[in-house]
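Here you get one chain, nothing else, as structure tokens; it is the form predicted on its own.
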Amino acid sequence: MPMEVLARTAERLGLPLSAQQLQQFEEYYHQLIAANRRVSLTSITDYQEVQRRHFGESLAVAAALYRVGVLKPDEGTRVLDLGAGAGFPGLPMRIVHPTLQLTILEATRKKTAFLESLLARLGLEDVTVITGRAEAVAHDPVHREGYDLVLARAVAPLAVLVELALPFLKVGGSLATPKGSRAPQEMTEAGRALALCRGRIVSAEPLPSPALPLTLVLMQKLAPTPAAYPRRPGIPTKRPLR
């Protein structure tokens, strides 16, 4: 059976996968490895490790968001995957939640070209892929305050991520990001960014990850983010709001 490790992981998470979904993940793996020879997408290429780290951790995020009610089965939640790289965690979540209205934002054109090709191979032509920087796209009225949920995996420290992500959220929307051992320190350092961008931390719970110990930090947007944020490209990273 293809994707046996992922199938077992998904069962434990309460997200059993159909034969069609397992085949989509199998195709995802092969396309990822083939493209990785041309574009730097991932340092993890082992068949089982991709299932555990990339696919499994993405589904763990989905399971956690179902558990707290941020995601609900069959609802068409509008989701932005910020700095998605090779599509994690948004694209695996879209495979298991077909009604997600997923937009993927990635700054590197070679990576978005890979994603566009991959989506066609997987038959997921209703997913939107945007090439651009969050600092610029967040000021586009089409995208500003247009999403229910923003996902970000390995994008930036929280003090930076808050400024990049919260402008995309509707008031009441959620930002979800898995973090490693520095999660407590990052949450402390993000206090000023949260205050300025009008958000708050809702929870920080252990993520049922099949690989590394992670914490899923969940934030909520309380009010419209001031128009000054995010600042121009590069500034949030160089001068975080601390």
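Position 1 is the first residue in the sequence shown; the rest follow in order. Keep in mind that this is a model prediction, so the values were computed, not measured.
FYI, the form predicted together with a small molecule isn't displayed, but the following is about it.
Asks: Quick check on this chain: which one of V79, L71, A84, M93 has a heavy atom within 4.5 Å of the small molecule in the predicted complex?
Replies: Exactly one residue meets the criterion: A84.
Asks: Tell me, which of L119, A159, V129, V155 has a heavy atom within 4.5 angstroms of the small molecule in the predicted complex?
Replies: Checked against the cut-off, the match is V155.
Asks: May I ask whether E106, E135 and L164 all come within 4.5 angstroms of the small molecule in the predicted complex, judged by heavy atoms?
Replies: Heavy-atom distance to the small molecule in the predicted complex: all three under 4.5 Å.
Asks: For F88, is any heavy atom within 4.5 Å of the small molecule in the predicted complex, or not?
Replies: Yes, contact at 4.5 Å.
Asks: For the chain seen here without its partner, which of 94 to 102, 138 to 146, 107 to 115, 120 to 128 has a heavy atom within 4.5 Å of the small molecule in the predicted complex?
Replies: Answer to the contact question: 107 to 115.
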